[in-house]
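Form predicted on its own, single chain, as structure tokens, below.
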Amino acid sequence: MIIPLEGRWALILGASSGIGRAIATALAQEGANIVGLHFDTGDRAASVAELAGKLRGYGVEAHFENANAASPATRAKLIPRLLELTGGEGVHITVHSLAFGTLVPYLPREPWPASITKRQLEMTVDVMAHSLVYWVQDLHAAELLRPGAKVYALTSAGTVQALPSYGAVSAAKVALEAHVRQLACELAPYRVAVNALRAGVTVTPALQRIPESADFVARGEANNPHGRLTVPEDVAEAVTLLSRTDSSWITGNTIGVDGGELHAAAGAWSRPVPAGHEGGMP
């Protein structure tokens, strides 16, 4: 059954920029109330305040917390707050969009004089993968995941590709997708759906921190059969579409939101140019 999102609550982990920000905006436009968690320095405070004001302009509630989403103390503080805000109705949409990890190769080489450390590797996988499990555990224990709730984790094609500095993040994304499958099975009796969304190459602050991002972006643009890169709004649209149902039957999947980019790249796709578009696709 198709349902409206108006009045529902969404928790977005990593809400201040990139895909998380676009999802928050799209859901607020649909009437959903937003609780956003971000971990930013003071120079981004104005941007987050601007976003909160924009969301409230759609007639919804918007609450933002600047804290480490991977910290148990943050969960301990925010779970009671969610119970209070939602009035016991629960969180209909949870988005895990945390992009905080080390970008150091496993072995030293130029321009990296040292190889990745145990601490860096464990931190990356903990923040970008294991934290999903801990949040779901606490949300479930507090009965905030009601029948029909949706949980989304943002993954990437890094699960099947290698980049010079992306090893730790790639490992985290592989673990994240495994967690999605397991949580989907364990939450099925509660009619809660859990899926991973695999965005195509998307220019975000997180991507731009990758040293080889310029080349990666160029190859993504060349490979995508749509003739353009994925934008955060593409992923936001997928979240709103998938969330307009109480069904939990679409669950445990990694859903590509990439315009066919990954498959085209794997098959050495040559994109045809329709007549009248010789100067490039719109």
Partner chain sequence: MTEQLSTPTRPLDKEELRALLAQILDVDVAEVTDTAHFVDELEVDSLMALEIAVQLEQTYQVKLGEKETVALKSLDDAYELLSAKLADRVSP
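Numbering follows the first chain given and starts at 1. Being a predicted model, the structure only gives us computed values, none of them experimental.
Beyond the structure shown, there is the form predicted in complex with its partner chain, which is absent from this document and is the topic of what follows.
Colleague: With the partner removed from view, which of 185-193, 140-148, 168-176, 78-86 is the stretch that lies within 4.5 Å of its partner chain in the model of the complex, judged by heavy atom distances?
Modeller: Of the options given, it is 78-86.
Colleague: Using a 4.5 Å cut on heavy atoms, which of Y134, W112, Y106, F100 is close to its partner chain in the model of the complex?
Modeller: Of Y134, W112, Y106, F100, the residue with a heavy atom within 4.5 Å of its partner chain in the model of the complex is F100.
Colleague: Report the residue, out of R219, R56, R228, R244, that has at least one non-hydrogen atom within 4.5 angstroms of its partner chain in the model of the complex.
Modeller: That would be R56.
Colleague: Can V203 be called a contact residue for its partner chain in the model of the complex at 4.5 Å between heavy atoms?
Modeller: No, no contact at 4.5 Å.
Colleague: Examine D40 and determine whether its closest non-hydrogen atom to its partner chain in the model of the complex is within 4.5 angstroms.
Modeller: Answer yes; at least one heavy atom of D40 falls within 4.5 Å of its partner chain in the model of the complex.
Colleague: A26: heavy atom within 4.5 Å of its partner chain in the model of the complex?
Modeller: Because no heavy atom of A26 falls inside 4.5 Å of its partner chain in the model of the complex, the answer is no.
Colleague: Using a 4.5 Å heavy atom cut-off, state whether L163 contacts its partner chain in the model of the complex.
Modeller: So L163 does not count as contacting its partner chain.
Colleague: What residues of 106-127, in sequence order, lie within 4.5 Å of its partner chain in the model of the complex by heavy atom?
Modeller: Contacting residues: R119, M123, V127.
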